[in-house]
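What follows is one chain in structure tokens, specifically the form predicted on its own.
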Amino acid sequence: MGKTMLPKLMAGLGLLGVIGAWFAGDSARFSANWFVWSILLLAVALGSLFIVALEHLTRAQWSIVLRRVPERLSGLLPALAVVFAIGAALGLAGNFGWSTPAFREALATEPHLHGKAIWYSSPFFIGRLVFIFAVWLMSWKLLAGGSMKQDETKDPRFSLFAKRFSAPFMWLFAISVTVLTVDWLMGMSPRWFSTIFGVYGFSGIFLSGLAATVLGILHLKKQGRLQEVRPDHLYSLGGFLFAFTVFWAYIAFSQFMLIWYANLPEETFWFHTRLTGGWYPVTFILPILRFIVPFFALLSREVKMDARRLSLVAVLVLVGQALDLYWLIVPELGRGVLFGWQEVAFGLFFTGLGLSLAEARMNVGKDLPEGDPNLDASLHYHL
């Protein structure tokens, strides 16, 4: 009972702090914290949905036995649609970048910004947000909802439909994730340019989904459920974590190197902010937390197959994603590193909310996709 109530207690205490932060009157800081944590939970949900679609598209059989966990985690999307709607209703986006009066004036005077005038208009921005959430929710309903329905009908035709649907979904996913990262992360600094930023956002989203899937599986196994998931399955998941940890580092370094080499003022100022003052230590810690430690930890075959150590790496990946989002968003306030009771309150609230929602989702449907015709092959998977 204690462990079950802990996330709700965290969310309750955090909510009191969030309400206090709202009445404290620092709307820009409130917005920054809201975006950091809501985008983190969204990354978990979207990364999980991508895992489900990727399995169907490639007809991977080894992962069928564990597919129900990312299907359930992708079910956080309806709640997150509400979270983003609340953020829009509170006008939180108005504290950043493209929506400020200074940037609107610059659109008319700085030639290299003219192309962003239509993109960064409020009706188009809201329309994009509604559209991409509609795409995500529809895809979640078709893939996750259809899989759970297949448990009852045992209709093998769903597996073929899911494979065919996953192909166009990947295109929609690539476009929508790019829109998300450009609007909600790059849009914090609308004068900045980076053509690789959408891929950077995708790498963090996929890693977040993988890490959350690992933790969800190990949580169920600790409860005596999902015993069909064996060390061989965990090893393959750990291999994905390792591969995309390297991928994130490659994309992050490529973005930095190209901007440093070109040395264009409209690009370098963004990194200059994060390499001076109090932000330099955060920039230094980020690759250690997101790449160096997970890389060397996951080199070992034993770690990938050991539940306790693999779960520690998965937690580290999610902490690294949270720090990454903090590093992307908070410097745009122009106040240096911020860490006080407001940040603690938001961390407690969104962590507790995410864990509570995930715990509830873990009881939706059966633990195994029993209607999948290839389930038996996954149950007997071995390296």
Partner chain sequence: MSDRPFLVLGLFQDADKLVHGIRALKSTYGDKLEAYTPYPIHGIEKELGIPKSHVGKIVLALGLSGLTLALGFQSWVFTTDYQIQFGGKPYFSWASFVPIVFEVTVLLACIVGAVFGMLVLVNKLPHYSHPILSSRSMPKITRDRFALAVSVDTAEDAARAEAALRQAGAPETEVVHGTDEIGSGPLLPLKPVLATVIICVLAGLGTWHLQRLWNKLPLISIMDEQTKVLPFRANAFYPDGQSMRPLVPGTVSRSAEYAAWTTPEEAGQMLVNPLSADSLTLAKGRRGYETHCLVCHGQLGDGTKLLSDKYTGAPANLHQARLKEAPDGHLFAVVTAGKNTMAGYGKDIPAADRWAIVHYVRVLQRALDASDADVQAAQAVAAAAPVAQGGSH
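Computed from a predicted model, the values in this text were never measured in an experiment. Positions refer to the first chain, counted from 1.
There is another form of the same protein, the form predicted in complex with the partner chain; it is not shown, and what comes next is about it.
Student: If contact means any heavy atom within 4.5 Å, which of 185-193, 205-213, 124-132, 295-303 contacts the partner chain in the predicted complex?
Tutor: Selected stretch: 295-303.
Student: Verify the contact flag for Q227: yes if a non-hydrogen atom of it lies within 4.5 Å of a non-hydrogen atom of the partner chain in the predicted complex, no if not.
Tutor: Judged by the heavy-atom cut-off of 4.5 Å, Q227 is well away from the partner chain in the predicted complex.
Student: Since only the chain is shown here, I'm wondering whether W171 would be in contact with the partner chain in the predicted complex (any heavy atom pair within 4.5 Å).
Tutor: Result no; W171 lies far from the partner chain in the predicted complex.
Student: Does W119 reach the partner chain in the predicted complex if we count a contact as any heavy atom within 4.5 Å?
Tutor: No.
Student: Given that the partner is absent here, does F271 sit within 4.5 Å of the partner chain in the predicted complex, heavy atoms only?
Tutor: So F271 does not count as contacting the partner chain.
Student: With the partner left out here, if you bring back the partner chain in the predicted complex, are F256, W260 and L383 all within 4.5 Å of it by some heavy atom?
Tutor: Yes, each of F256, W260 and L383 comes within 4.5 Å of the partner chain in the predicted complex.
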